[in-house]
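This document contains two forms of one protein chain, each encoded as structure tokens and listed individually as structure 1 and structure 2.
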Structure 1
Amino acid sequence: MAEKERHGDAAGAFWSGAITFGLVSIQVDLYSAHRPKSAALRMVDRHGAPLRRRYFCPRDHKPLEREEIVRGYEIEEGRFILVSDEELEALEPKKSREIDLRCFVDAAELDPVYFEHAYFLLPAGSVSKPYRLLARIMENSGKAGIATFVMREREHLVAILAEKGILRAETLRFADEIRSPEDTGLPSPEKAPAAKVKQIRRAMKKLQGREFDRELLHDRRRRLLLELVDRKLKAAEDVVEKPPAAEAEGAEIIDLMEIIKKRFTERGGAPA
């Protein structure tokens, strides 16, 4: 799979490729399932000019230009092995447009602690029947696909899941990235007093059967920050404008649900 430019009705998709296994090949576009928060704070000076970061050399007491910076692997404190861009490029996997599906497993076997980043896989091209069929079979059987693909010069391991007729890919962390319970340093569990066990069970029973409060999924700090910004804007308090010389930055906002609806409507109805 390779990175791609935006195209037509697939605006916002940053990959185009195919899920492949056996003789099956299903064209898909990849979308991030997460969106950046719109309440991010930027570092500016008191006059509103956006600031930029620079590397500073504490030995020579001067900022460094890009061409003066190289990368190194620290083998012990203060000792590094320098690695060139050419050497790193030689380690990169071969570019591919395929999501190589290796096997199917029970979705219940996947531990969410391995999930790293979620993506939506939507049908590409003019045919979506194979996509729908795969999604339906995986969802009905409770199966997940384990696959590999190349993204940004790195090979990733992913779990492909199906839900409500849509395929989702979860990039997986590798085993050496996961901490074990023993790594936390907790002592071995001791036998709890019977009275304490009863007390905890009574407290849990009082909370059983309650519906999940969807309001907990909303970011309270973000809401309070936006309310603060709104109050200060209305009062014309602490409002500064970026100087004309500063470069403007921005990003197109993509409505993923609209893209999903459009894809399935154009190709014969909504997903099952």
Structure 2
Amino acid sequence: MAEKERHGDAAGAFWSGAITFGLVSIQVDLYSAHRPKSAALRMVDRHGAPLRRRYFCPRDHKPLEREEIVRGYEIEEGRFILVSDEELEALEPKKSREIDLRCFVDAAELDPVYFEHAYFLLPAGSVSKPYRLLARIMENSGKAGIATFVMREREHLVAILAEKGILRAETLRFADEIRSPEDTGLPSPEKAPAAKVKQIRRAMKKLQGREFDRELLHDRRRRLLLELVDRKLKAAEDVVEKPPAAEAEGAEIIDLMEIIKKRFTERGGAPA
């Protein structure tokens, strides 16, 4: 079990470590519950050569090398405080392999505006019993565990939720990033004319449904884009061989579903 920690994160996992509550420790790997957004396009020239991003000094129009560029925070118009990579690194929270649950709250109490990104937590190593135990209890009691943890050099606030026997971590936005209706200048709730309320209630009733159909939420633009690409491929119009140099910059896409399926099947019949 400790091997994973020595060798870093499991393949494709954003983070590997342990959920702890009290003195109990549960080894988990964390995977995004979201796939990357739509079909990615690259910037190319009219012959299809992938372009490169370069920085220029606007004064002498000279392309700049990485070491000639510094980072500055503008404290007032045109006045910058320089901050180096080393200085920022020193401020990063210390790498930690723990999601330490500080308390359990009613999951229904968590305001939806806080939710930022969802991750699945999968049991790591050969022991799944504590994982199943926590998932069962949280699901039965409708509780969510609250914790902070360090992932990718940042401290995140998370709610750990259980659904259908699977633990999920939802990163939460910090309170000072949420605008209240009062900050926004929205009017206070007021009594509305009864006839108008009745009219809206009737309209709501007319639209009443029971099940959420995820088919409704397909990305129409992505489908149109893929159709356009297909038409061009069939007509062999504006299609070029990808230059070999383009390979290196393209990010490796990991099929999350494959990893998740494999992990759960492997874990499936294993003795706890």
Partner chain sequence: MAARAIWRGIILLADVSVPVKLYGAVEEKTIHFRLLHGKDQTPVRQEMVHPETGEVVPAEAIHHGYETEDGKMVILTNEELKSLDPESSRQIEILRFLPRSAIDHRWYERPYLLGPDGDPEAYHALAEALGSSDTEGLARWIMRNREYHGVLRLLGHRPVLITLRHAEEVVSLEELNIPAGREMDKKELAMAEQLVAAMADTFDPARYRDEYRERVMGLITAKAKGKIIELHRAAPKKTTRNLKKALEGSLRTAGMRKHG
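Counting starts at 1 with the first residue of structure 1 and goes up one by one along its sequence. Quick caveat, the model's predicted, so the values are computed rather than measured. In this text, rigid core is short for the largest set of C-alphas that superpose within 1.5 Å between two forms.
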Item to check | Structure, 1 versus 2, that is the form predicted in complex with its partner chain | outcome: 2
Checklist entry - Would G142 and E170 land in one rigid part between structures 1 and 2? => result yes
Checklist entry - Treating the chain as two rigid parts, how many degrees does the smaller one rotate relative to the bigger one between structures 1 and 2? => result 14
Checklist entry - Can you give the CA shift of P193 between structures 1 and 2, in Å, with the two forms fit on their core? => result 4.9
